[in-house]
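To begin, one chain is listed below as structure tokens, in the form predicted on its own.
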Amino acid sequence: MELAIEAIGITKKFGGHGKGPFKKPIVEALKNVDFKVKSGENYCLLGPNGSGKTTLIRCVLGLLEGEGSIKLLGYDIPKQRNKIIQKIGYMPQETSLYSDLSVKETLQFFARIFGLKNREHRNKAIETILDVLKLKEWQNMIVENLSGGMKRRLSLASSLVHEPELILLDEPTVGVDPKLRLTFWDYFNELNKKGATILTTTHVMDEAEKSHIIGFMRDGRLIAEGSIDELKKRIPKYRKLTVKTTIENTESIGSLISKECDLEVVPSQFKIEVFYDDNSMLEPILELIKNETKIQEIITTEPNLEDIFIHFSNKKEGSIDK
């Protein structure tokens, strides 16, 4: 499959300028990041503020100069960026709009900038984005008079009005109310189904879950990537079975399970927790427990995205976990 984004060995350092006591310390914001997104993929960079997500996107777009090689849609960046500028939609964290234009004038401006020369096509695209992002009611309002959340909405609309092939959205829902946030992500998924490649950044777990592939970022490194199911399976004994029993002391049952099934078991009062990764183990585990005591309740759980992120964050620094 073709790659929409291919970034190899991306390293970015800030500081180091000045002399003597005024010399700025060097901060390594990105540390040898290898990063690929397939065409048609919906990929999310997930990590806390300061982990390097924004710096990576800006390097990928050629807006920041760092070490390493970057290709977007097969073109070298930044050298060949002008050849694909009309195929890319980018929404930065910082709102960058002209305060004296109306909402509709702003969209007309960006539609022209990004190559929608045909008036009929341009007007149709503007009407569509106004409807989708609930901006029609405010289309004649001057940008300066919009709220912060409305400006974010308009910034998103401006990055998507030309129907780009590759979409990069840096924290697109910051300052947006929860209901509209869901609308945004539904729209992103619709664009993805129509063939657009989408790269988003977020620090919100439930947003990341809406993407096909998640890349965990921490301290300037991409520490793990994959689908949620793939990431779960890289955690040893990632499933947990909790069995509530009628007896208080479950240590002997726990020891029996550990010996017979070679699994991690945590016995406690009236309860046994067993960690496993193969569902075929459930029946023999439960059979062992039934032979020793009456079962009152059975609960099976799997790690959520936060558990997965913590797991990979606690691993020693090294190569990315794929």
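Throughout, we count residues from 1 along the sequence that is shown. All figures in this text were calculated on a predicted structure; none of them were measured in a lab.
Beyond what is shown, the protein has a form predicted together with a small molecule; the following relates to that form.
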Checking Thr293, Asn42, Asn32, Thr54 against the small molecule in the predicted complex, the residue with a non-hydrogen atom inside 4.5 angstroms turns out to be Thr54
Contact with the small molecule in the predicted complex, heavy atom within 4.5 Å, among Gln93, Gln108, Thr183, Asn192 goes to Gln93
message: Would all three of Gly254, Val265 and Phe270 be in contact with the small molecule in the predicted complex, where contact means some heavy atom lies within 4.5 Å?
response: no
Testing 270 to 278, 256 to 264, 54 to 62, 34 to 42 against the small molecule in the predicted complex with a 4.5 Å heavy atom criterion leaves exactly one stretch, namely 54 to 62
ask   = Any of the heavy atoms of Gly50 lying within 4.5 Å of the small molecule in the predicted complex?
value = yes
task = Look up in the predicted complex whether Val27 has a non-hydrogen atom within 4.5 angstroms of the small molecule, and give yes or no.
result = yes
